[in-house]
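Heads up, the chain below is alone and in the form predicted alone; it's given as structure tokens.
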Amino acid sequence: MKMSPIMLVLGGLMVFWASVSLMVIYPALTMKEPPSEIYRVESPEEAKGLDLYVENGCSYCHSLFIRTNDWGEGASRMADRGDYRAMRPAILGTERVGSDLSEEGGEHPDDWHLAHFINPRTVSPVSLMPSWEFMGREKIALLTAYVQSLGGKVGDYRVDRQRIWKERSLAAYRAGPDSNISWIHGQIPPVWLPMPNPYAATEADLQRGHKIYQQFCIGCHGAVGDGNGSARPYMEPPPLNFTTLRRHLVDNKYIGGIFYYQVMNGITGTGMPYFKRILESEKIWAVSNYIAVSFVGYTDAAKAPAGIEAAGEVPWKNSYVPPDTGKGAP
């Protein structure tokens, strides 16, 4: 075959239409798939939020499609073409600079999203996301509505659960600090209450805990653990003040299991998210030790029988004094 202007034009057109078919026509056809089990029609507010999501290029950093290789990230279900049947335009995204948002609905309450959009580092201190404060509260509310819709019917269930626990947590907070702490601790399963921190609060362990606290906690709980971090103005109820917990440690009560459960599972309805898909077990114990030592002044670390000690453990004796008896912890 001899190259000629006609062949060049025909070849270019073939490449062009092949690209259009793969990138435009075929995806458009797949969007007509039957609706999935979680699909629902967007509300007018959510549709406006989608427009803002598109206009501001959110898909350049956030994908909206959970794949089979994402099971290790804690995905609860794989994305289905029917999830996006009526989304116009269909912006799924391919980047993972930020987190995947396909199941974001109900993962956090609305006030967390407000703080996050105004300044992402208030709730995620190491976040690369820019501030969207310039949009104003009204547009942020629309964008939040769209993000809370992601996940369809399953996301709606999580959003409703956030609102239920929001009412309960607000009632407990308004009843006073002591009632609030009693209510929060009363929601912890009994199996966790008698569980001490199994890891020694060595200098290395506390330094690891300090680093984790700076990466995930300081924006809400503040540098000194008093709950006055930069996210405080947006959170209702406000972040927990760790420095007031000492008076609640009576009768040698263990605190390791309480901290671990709350960091692992979060406090739904408040700005406190769960970290069980982000932090492995040892890191949760480490930040629990750091909070206990630095802000409460007491840790029950390694108070229980050690059993078969891990090979990497070093000799350590707990010298922190419980606040109720004035005696050193065994």
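From 1 onward, residues are counted along the sequence shown. What you see is a predicted model; the values in this text were computed from it and never measured.
Another form, the form predicted in complex with a small molecule, is not on view; read the next lines as being about it.
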Interface membership of residue 130, the small molecule in the predicted bound form, 4.5 Å heavy atom rule: yes
Residue 185, heavy atom within 4.5 angstroms of the small molecule in the predicted bound form: yes
Contact label in the predicted bound form: residue 240 to the small molecule, heavy atom within 4.5 Å: yes
Contact of residue 205 with the small molecule in the predicted bound form (heavy atom, 4.5 Å): no
All of 210, 225 and 297 within 4.5 Å of the small molecule in the predicted bound form, heavy atom check: no
Partner-contacting position among 235, 145, 118, 159 - heavy atom within 4.5 Å of the small molecule in the predicted bound form: 235
Proximity to the small molecule in the predicted bound form, single hit among 265, 36, 281, 56 (heavy atom within 4.5 Å): 56
In the predicted bound form, segment of 76-84, 102-110, 197-205, 151-159 with a heavy atom within 4.5 Å of the small molecule: 102-110
